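Below you will find one chain, with nothing else, as C-alpha cells; this is the form predicted on its own, and questions on how it binds or moves follow later.
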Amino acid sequence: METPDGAVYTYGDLEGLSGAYARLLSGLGVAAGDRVAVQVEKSPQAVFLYLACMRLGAVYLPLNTAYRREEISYFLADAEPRVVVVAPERQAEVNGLIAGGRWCVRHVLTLAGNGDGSLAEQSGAAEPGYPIAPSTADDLAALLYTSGTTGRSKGAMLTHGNLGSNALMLHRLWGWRPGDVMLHALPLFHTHGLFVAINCVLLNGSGMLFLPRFDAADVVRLLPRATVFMGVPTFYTRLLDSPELTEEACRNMRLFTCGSAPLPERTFEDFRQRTGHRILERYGMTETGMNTSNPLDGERIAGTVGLPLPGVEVRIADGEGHPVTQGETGMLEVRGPNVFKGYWRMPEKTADEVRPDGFFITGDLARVDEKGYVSIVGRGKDLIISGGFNVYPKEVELAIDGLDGVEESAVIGIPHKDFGEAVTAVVKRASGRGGVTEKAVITALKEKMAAYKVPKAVHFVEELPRNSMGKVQKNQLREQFGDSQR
C-alpha cells in the first residue's frame, strides 16, 4: 500500500499493526461480538483497524465522516459499542456524548488521517502478534447503518459468511490475477470502498495506490501504475472533464468498475470512446453486498447492471412476491449467501423486508431482459442516490419540517450531471411565521446532518400537489423542478 506522501506499507506491516491494534482492543475489554465504532479519515491505519476487529471477532461499525453530533448520538445509543475510535478533533464531542455513564462506551480512542493519535500511541508497546478468533459464517462481522424511510437509521447485520462469499465470488468473476494493482479513491465507511475494493485486494495479495479522497488529477496521474479502478458515476463524469484522460493514460488498466448509483449510458459511451475501456457496471446494496455484475469477458450492456452473481438468485416480483412475466417491471428481490442477517434490534423491520422464503425486498424497481441482464428502472422507496450516497427523503423532510417558518416539505432527487441526483427540497411556508429562506433552510440543515443529505436547492410553493388520498405527488414535483440542476 502506497500513499501520496510516499509512505509504503507491506503485508508484514499489515500483519503486525493489525495484531497490535487487536491486542490493544482486547486489553480494553473488547471481546467477540462487541461493537467497535469508527469515524475517522481514510488512512492505511483505518484499514488495519478494520482487520484488527476481524481478528478479535468484534463487530466493525464504520461511520460516515460527515455525520454530525445528533446522528452520532443515535448510532452510539443504538449499537452500544464498547470502544469508539474518532478523529482527534471529534474526541471532545464524543466524550461529551457519553458523559454521565448512560452509554456502553468505555473507551474513546483517536486516529488521525496521518496515523497519529491515541490508537497508535497506546498500541505502540503491544506485541504485534495476536491470534485470530475462530468465527462461524453466521457470526457478525460488521454493522452498517443505512437510512430509514421513517427517518430512523437501520443497522444492517453482515456476517463473515456474507463478506466472505461476496469477496470470493468477485475475485473470481473479475479475474483478479498476480500483479494487479488497485487505485483506491473510495471512502472506507461504505460497502463499496471497504468490502468490495479492500477485500478483493487482500484476497488477491495485491498492491494498492491509496488516495485519501477522489481527485481527478491524482487519479489520472496514477492510472499508468494501476490495473484496477473502482468508482461511482460521479468519479467518471469528473474524469471525463480532464483532458489528460486518454487511451495512453489507461494503457496499463484492465478493469474499471462502477456502482453505488446508476451509470448514465452517455457516460459509459463517452468513457469507451475516450479510453477504449468499457466500464463494468454492477449492482449491490448495504444489506447484500454485490448481487449482479456485467461480465468481465462478454457483453457489457450500458444501462444494465448485468447478470446475477453465481449463487445469488434474483426475481422480479409484484407486491406479494409473485414473479412477474419476463421483461415486465417489478420489485427486485434477491436471495443468497450475500444477503444480510437482518436489521440490528429491529426484528419487525427485518420481517417486513425479508420474505419467509429468504428473498430480500431491495426496494428497487427492475426488469430482466431475454439475456438475463438486470436493469434498474426506478426506486420504490423514494431513495435518492447523490454522489454514490443514499439519501432517504423522509429523514431530510423531518428536519426541514421542524424549522421555524416551515409548514410542510417534500424532498426529491432530480437529475444532476455531477452527482447523478441532487437532493432538492420543495417547501410550503407556514403562514404568519415569517418568510423562511433557502439560505436559512440549508444553513440549519448543515448543522443537523451530513452534507450529502443537505438539499442543493430549496423551492417554495403555495401548495404541495396531492392525490385523492392526500399523498404528495412527488412525480409532479420532479417534472416541475427536474431541469433546475442541469
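When you see a residue number, it is the position in the sequence shown, counting from 1. All values derive from a computational prediction rather than experimental measurement.
What comes next is about the form predicted together with a small molecule, which is not displayed.
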One residue of 180, 281, 395, 71 in contact with the small molecule, assessed in the model of the complex (non-hydrogen atom, 4.5 angstroms): 281
Heavy atom within 4.5 Å of the small molecule in the model of the complex - the one residue of 238, 379, 272, 355 that qualifies: 379
Interface membership of residue 158, the small molecule in the model of the complex, 4.5 Å heavy atom rule: no
Contact label in the model of the complex: residue 285 to the small molecule, heavy atom within 4.5 Å: yes
Touches the small molecule in the model of the complex: residue 413 (any heavy atom, 4.5 Å): no
In the model of the complex, residue 471 touching the small molecule (heavy atom, 4.5 Å): yes
Segment assignment from 255 to 263, 217 to 225, 344 to 352, 119 to 127: heavy atom within 4.5 Å of the small molecule in the model of the complex: 255 to 263
Inter-Cα distance between residue 341 and residue 394 in the model of the complex, nearer or further [3 Å or more]: farther
Pair residue 262/residue 394, Cα separation in the model of the complex versus the displayed form, closer or farther by 3 angstroms or more: closer
